[in-house]
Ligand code: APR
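The data below hold one chain only, encoded as structure tokens and taken in the form predicted on its own.
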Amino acid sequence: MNTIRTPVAIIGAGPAGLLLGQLLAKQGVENIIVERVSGDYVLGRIRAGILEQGLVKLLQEAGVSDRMFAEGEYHRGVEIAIDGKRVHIDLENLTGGDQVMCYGQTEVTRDLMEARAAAGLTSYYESSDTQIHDIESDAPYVTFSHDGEQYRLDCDFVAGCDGFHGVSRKTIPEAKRTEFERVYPFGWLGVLSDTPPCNDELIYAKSERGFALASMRSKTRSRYYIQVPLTDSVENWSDDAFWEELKKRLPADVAETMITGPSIEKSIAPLRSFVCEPMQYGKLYLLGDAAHIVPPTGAKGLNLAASDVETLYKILTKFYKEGRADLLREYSEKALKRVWAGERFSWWMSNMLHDYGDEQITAMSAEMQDRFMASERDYYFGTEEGKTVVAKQYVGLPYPTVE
């Protein structure tokens, strides 16, 4: 067996793992990444594209922001459409200047991969049989197979960035973790197309036919979604059928001018809210989807992962540079406070904009539930005070302080 050592072992080469590795390396903290699949497979995942200002600043700090600023677009607002009536949420003015950046998660990952390779940092892609050992001790280690050889990676800490189905969270004994989960009774059918966006800003739409989202990746590439039953399948939806249904759910003036075209990716994503507590156990720290998942309504998934990264990065930097071992115990509490805020916002947005049919959100009749949600929409999308609350949540709450 090959034995290697690094201060921080990172499991997972998605954006959370790559960003953590890049930030630590900038501070002189060595790290090694172990990833189950190939780099090309990681880049093939089609994910979100709205970045909060906190993440934009982190990417700047990591030295990987040049292409983002050259190709990404700042959005100063977002639109909510209820039964065809459009309401503008002026993010910039309602928050005192904050905006969000439209730049695809795939591109963020690509930029981080290229920066890691350019810096000569070690990554083991296409590894198998990854296991985490002795996380309760002062000498944790990771074992894995790579290119037919067995490896033992000794380390001080393990950062679990390997997603919902990874090994990291499952390494924590079941008796030591509590998992909260809400599976929604619908999914999102998403289509990616090389067509110009139908609007300058995102449109979240609720109609009697269900939810729809008009999003984008660039000036020439669009991402659209419609709510579908969990029992549905991609094979049931031709491109023509998708565009026809999407137009029925968006405001008429938007639908009339929308440019359609062949899909270059089409998939159905189930929606769930999930949180694992605690987010650390011994020398293992969970980040991103390994610890929490949010519905895509409100674009919090990648952004919550980024706040995890920022918190752990600062804690580990202070440990290695200042000997602040006391901060190591604070990661989970600090991270979870922001995680639950993001979970609540995504849950709330989902409640406001989706058709739940006969399923109840809370212990009340479906009809009473509909009335309550309509009242919520009237206030939060119809008054300046309500819009301000939505805007501040959408652009992102402040990151936890590490002092």
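Note that residue numbering begins at 1 and tracks the sequence as displayed. The model shown is predicted, which means the values in this text are computed figures rather than measured ones.
There is another form of the same protein, the form predicted together with this ligand; it is not shown, and what comes next is about it.
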{"property": "The unique member of V42, L336, V64, M352 whose heavy atoms fall within 4.5 Å of this ligand in the model of the complex", "result": "V42"}
{"property": "V37, A341, I32, I361 - the one with a heavy atom within 4.5 Å of this ligand in the model of the complex", "result": "V37"}
{"property": "Stretch in contact in the model of the complex with this ligand, which is absent here, among 271-279, 242-250, 111-119, 288-296 (heavy atoms within 4.5 Å)", "result": "288-296"}
{"property": "Contact of I89 with this ligand in the model of the complex (heavy atom, 4.5 Å)", "result": "no"}
{"property": "Partner proximity in the model of the complex: T130 to this ligand, non-hydrogen atom cutoff 4.5 Å", "result": "yes"}
{"property": "Any non-hydrogen atom of P197 within 4.5 angstroms of this ligand in the model of the complex", "result": "no"}
{"property": "4.5 angstroms heavy atom contact with this ligand in the model of the complex for M101", "result": "no"}
{"property": "Residues in 9-26 close to this ligand in the model of the complex, defined by a heavy atom within 4.5 Å, in order", "result": "I11, G12, A13, G14, P15, A16, G17"}
